[in-house]
Every structure is written in structure tokens, then in C-alpha cells.
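A single chain, nothing else alongside it, follows as C-alpha cells in the form predicted on its own.
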């Protein structure tokens, strides 16, 4: 079992734009759906209280979802020797982790993420899970659903998707779901077992999947930490790491240059880019008073505190 005293900043992790189906009560309980399990978390002094539902005490699910095998202190030490540019982000969001999520959910969530706000992505992804997934459990009146598989999404209604704010993405969701449904059942698992560049190549071969979406899928869904997604926000940070003139637009060549720079400088570059992303979009104040997403009556029953 990983050392539970490893750094673990639950609010920063869940609020940093890498997952979209978390919710939080006004009393400070956080819930995250991980496949067919709901993980309940309460940050406390010296550790985190946790519980899993509907089956209790599934520590391995918590470990996998929050990548607790990764020692952040080791990462911070290596990063500090490579560049001073990341120091402010580490100080502000110390303990933030890159999560390992169900690949199918990451695939469609980041398909929705293109040219969209985090709030709208959250609404769309939650609706998709509620409409086409199946219920996992109900906690204090709130029902959590497993994200649907490709076969369920392949039969989705384009009209319903458009009405649920998927807009122009609606037909693409259905087309990609139909395509993935015809792949071997373990296709995503196969992508997690091969080299990062090969996995990304297979993803970008799909219609509608560009480099940034493919890198997000590789990082958050497949566990390829070499992936360093570059968008408007992380572009600014990455450009501070290199010299010379910069193009006005983020071309494919410039994207690759910035990502390679991240890979050259940082161990687990995908984790480093997440700190740069958080620094650009996430206010430190939001970690203290994030918007409540669940009812005031929602509590975390039978939570256990990690030894600490």
C-alpha cells in the first residue's frame, strides 16, 4: 500500500480541469466517480478521510484513481533542478495529482472540451452519464452513474445530444462511439500498454481527434505521463522555457516543439503541464471556497481517516 502521507491536495486535483464528474458538499465532502465506484473524500489536517461506495474499503480504487504510487516530493525536486519557471505553480498547488480515469470517459469528455468552458463540459458529461450510463449507488439522495460504454453511446439520439448542449459535437460523438464499438473490447487497454507515441498516433487517426485531445486521453485515460497537452494556457508557460521568436498561432510544429521541451526538462511532463495549466486558470481562492455542486444535506457516511 502506498504511503498515505504522500502529498495529496484533493481540491486542486479535482478542480484543475482534468476530470468533470466530481461534486462537493458545503461541509467539504468531495465525491468522484471512478468506473463503477464512487470515492468519497474529506481533506483533514494530516491526511484525507476516505470511503468507497457501494463496496466499502476499496483502497486499491482510491490508489489507482489518484495515482498515489507517485511520490510528488521526488517530482518537485527534479523539476526544481530543471527550471525555476514551475516554482510558483508548485507552491500554489502543492499536492495536486494527475488522475487515472476510465479511458472511455476521458475520450468523450475531452472531445466535448474543445472550445468549451469547464462548467459546460461538466454539465454535458454528467448528462451523458445520467442519460446513457447505469446507476452505481445513491448517497443521501444523489444518484451516481457509471459512464456509458461505446455501444450505449453509439445508439444515442443526436437530437437529445444537441439539446443537452453537445451542439455540433453530437454527430461526432455518435460516429466515434460507433467506430470504437467495432474495435476489440480491450482496445483502450492495448493503447495503455504500448508506447506513448504509438498510442497517440492511433488516436489522431480517428476523425475529430487532434493532438491536444489525443494527449489528454493519453495522459488522463491511458497513464502515459509523457503526454504534455498544449493549449492556450500551457502554451504561454512552455514558451517561457525556450528562446527565439514564437509564431502567432499554435501550429502543429510549434505544438510538438513545446511538448518536446516539456519532455526534455521535466520528469513526468504531463504532471508538470498540469501545474502550469492550474496556475493559468485556477484561482487559489477556489480551493477554499469552490462552488457547491450538491445539496447541503449530503454528507460522507462511514468515512475513514488515512493513518497519518
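Not measured: the values here are computed from a predicted model. Residue numbers count along the first chain shown, from 1.
Only in words, not in the display: the form predicted in complex with the DNA, which the text now covers.
**Q** Quick one: from 100, 131, 145, 169, grab the residue that has a heavy atom within 4.5 Å of the DNA in the model of the complex.
**A** Exactly one listed residue reaches within 4.5 Å, namely 169.
**Q** State the residue from 180, 72, 237, 209 whose non-hydrogen atoms include one within 4.5 Å of the DNA in the model of the complex.
**A** Spelling it out, the residue with a heavy atom inside the cut-off is 209.
**Q** Using a 4.5 Å heavy atom cut-off, indicate which stretch of 117 to 125, 149 to 157, 77 to 85, 183 to 191 touches the DNA in the model of the complex.
**A** Selected stretch: 117 to 125.
**Q** Please run the contact check for residue 18 against the DNA in the model of the complex: heavy atoms, 4.5 angstroms, yes or no?
**A** Although the DNA is absent here, residue 18 would touch it in the model of the complex, with heavy atoms inside 4.5 Å.
**Q** Heavy atom to heavy atom, is residue 251 within 4.5 Å of the DNA in the model of the complex?
**A** Yes, residue 251 is a contact residue.
**Q** Can you tell me if residue 200 lies within 4.5 angstroms of the DNA in the model of the complex, counting non-hydrogen atoms only?
**A** Output for residue 200 is no: heavy atoms all beyond 4.5 Å of the DNA.
**Q** When the contact criterion is heavy atoms within 4.5 Å, does residue 244 count as touching the DNA in the model of the complex?
**A** Looking in the model of the complex, residue contacts with the DNA do not include residue 244, since no heavy atom lies within 4.5 Å.
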